[in-house]
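The chain below stands alone and is given as structure tokens, in the form predicted on its own.
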């Protein structure tokens, strides 16, 4: 699953976890945790050197730089859970989504979009940890991501209400054998 920053991906993942079983792949990042985030649950928080070491060692399925920070999916956990026959959900940036599509052509790719850019801006500002300059930059990136996503995502879901988007994503996942 992917979508622009602030579109509500984490909230969708949390809601899905209450409805259907899956393994959530915890991404690694170099950014600092937000006040409500928990190490090993929301992200694996590491410094830049540790992330670079993981890249060099080939320990990441995908990785991308976004907002001045690095984000990536540890390969070991993904491979272990897939080998155990579990459905694995990734919450990743669009650059990483392209890599996952190439490495796992059978992956189901869902892109979450905002109802409009004004609503996305409102959501970014309401976080309280995003400067106005960052909001402007993230909105520009979001426009590019939305345009690029049409090339390789299987499903597009508009987050114009959390319960509705969770229902839609759950319905999509229910169609997968």
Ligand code: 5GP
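Residue numbers count along the first chain shown, from 1. What you see is a predicted model, and the numbers here were worked out from it, not measured in a lab.
Although it is not shown, the form predicted together with guanosine-5'-monophosphate (5GP) is what the next lines describe.
Undergrad: Using heavy atoms and a 4.5 Å limit, would one call residue 150 a contact residue for guanosine-5'-monophosphate (5GP) in the model of the complex?
TA: Output for residue 150 is no: heavy atoms all beyond 4.5 Å of guanosine-5'-monophosphate (5GP).
Undergrad: How about residue 123 - does it come within 4.5 Å of guanosine-5'-monophosphate (5GP) in the model of the complex, if we only consider non-hydrogen atoms?
TA: Heavy-atom contact with guanosine-5'-monophosphate (5GP) at 4.5 Å: absent for residue 123.
Undergrad: Does any part of residue 43 reach within 4.5 Å of guanosine-5'-monophosphate (5GP) in the model of the complex? Heavy atoms only, please.
TA: It does: once guanosine-5'-monophosphate (5GP) is placed as it appears in the model of the complex, residue 43 has a heavy atom within 4.5 Å of it.
Undergrad: For residue 113, is any heavy atom within 4.5 Å of guanosine-5'-monophosphate (5GP) in the model of the complex, or not?
TA: No, no contact at 4.5 Å.
Undergrad: Let me know the one among 64, 117, 108, 55 whose heavy atoms come within 4.5 Å of guanosine-5'-monophosphate (5GP) in the model of the complex, would you?
TA: Only one option qualifies, and that one is 64.
Undergrad: Can you tell me which residues in 65-86 come within 4.5 angstroms of guanosine-5'-monophosphate (5GP) in the model of the complex, by heavy atoms?
TA: Those in contact are 66, 71, 72, 73.
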